[in-house]
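First, one chain by itself: the form predicted on its own, in structure tokens.
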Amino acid sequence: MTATPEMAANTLDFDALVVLLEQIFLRHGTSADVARTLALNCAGAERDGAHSHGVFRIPGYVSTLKSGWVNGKAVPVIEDVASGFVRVDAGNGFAQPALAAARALLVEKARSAGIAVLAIRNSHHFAALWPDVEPFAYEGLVALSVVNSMTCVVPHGADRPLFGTNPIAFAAPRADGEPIVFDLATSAIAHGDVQIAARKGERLPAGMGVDGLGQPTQDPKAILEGGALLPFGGHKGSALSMMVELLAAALTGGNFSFEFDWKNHPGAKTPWTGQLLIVIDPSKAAGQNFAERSQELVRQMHGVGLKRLPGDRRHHQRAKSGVNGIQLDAETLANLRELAGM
């Protein structure tokens, strides 16, 4: 496709998008450190084609900050509690700055003990989860993270929602290529994808959710307006979602998906829950180099006909965006500039 002048006008490089998003966060009440961390997260998701967690999320961040629901200037309190365990009180702030503040200590402990846990509580997470784990894989580490969210998923066999979308993210290095990275919701579909479908007037595949009467529906608006999502894989996804609640909330000291009430904060969008990260140094394991073993698994997967690995599409889009820039539609870009006061 030949680029048009209009397309060029609506295209930003990654750094320019980060600066624009930083200005939005700063203008709406965050500290500089928080603004930078959140801007990098949102811009990275947009660059990599994860549109449901990119600039689509910015109005939700802004309305949440305006509502007073989250502290955009919170300073995380790091607690070094054991040889392989770090706790962080995010201070009713966002989880990503809490992770950034504790990251160096977490890596140090993982390299020393072979494995380390980071338990974040009193935190808000509103973004894709894979950016939290992927950087560890670039350092040769294996990382797993879980975070719970607000109640919007009906446990298998139940008739009312209780769990959040409760994603799980995993990252591992490999010898000859980008890390193996995946991020999946334990719900049948991510909540952000339902919102995008509703905005576009699209129907969802069967089995994604129910309406306010508990009846199956493919109408995203019916799911969002009094309905709920379903777990993926029936009882299997439901069990994993329960596991996430236990690891991300019960173990960290954060809220379960059903334990917070934002009714007195109109405009609040971010769930006030917890997050757990487990980081492993594979150099401590016996046997061959882990990254080479990862590469052998990838080779065998390709050998049986698999065309695309988890994360491949994001890495491909990242490379494409690096060359062509990040294209936004004119309305979206205008709205972002208005929020930034430009």
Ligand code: NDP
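This one's a predicted model, so the numbers in the text were calculated from it and none came from an experiment. All residue numbers are counted from 1 along the displayed sequence.
If you look for the form predicted together with the named molecule, you will not find it shown, but the lines that follow are about it.
Candidate site formed by Asp183, Arg308 and Arg313: every one of these residues places a non-hydrogen atom within 4.5 angstroms of the named molecule in the predicted complex. The named molecule is not drawn, but in the predicted complex it has a heavy atom within 4.5 Å of His53. Contact check for Ser149: a heavy atom falls within 4.5 Å of the named molecule in the predicted complex. Although the partner is absent here, Thr165 lies within 4.5 Å of the named molecule in the predicted complex, judged by heavy atoms. Using a 4.5 angstroms threshold between heavy atoms, Ala172 stays clear of the named molecule in the predicted complex. Exactly one of the stretches 45-53, 65-73, 29-37, 290-298 approaches the named molecule in the predicted complex with heavy atoms within 4.5 Å, and it is 45-53. Put simply, of Ala268, Leu129, Ala197, Ala110 only one has a heavy atom within 4.5 Å of the named molecule in the predicted complex, and it is Leu129. Of the listed positions (Ile78, Ala190, Leu105, Met242), a single one reaches within 4.5 angstroms of the named molecule by any non-hydrogen atom in the predicted complex, namely Ala190.
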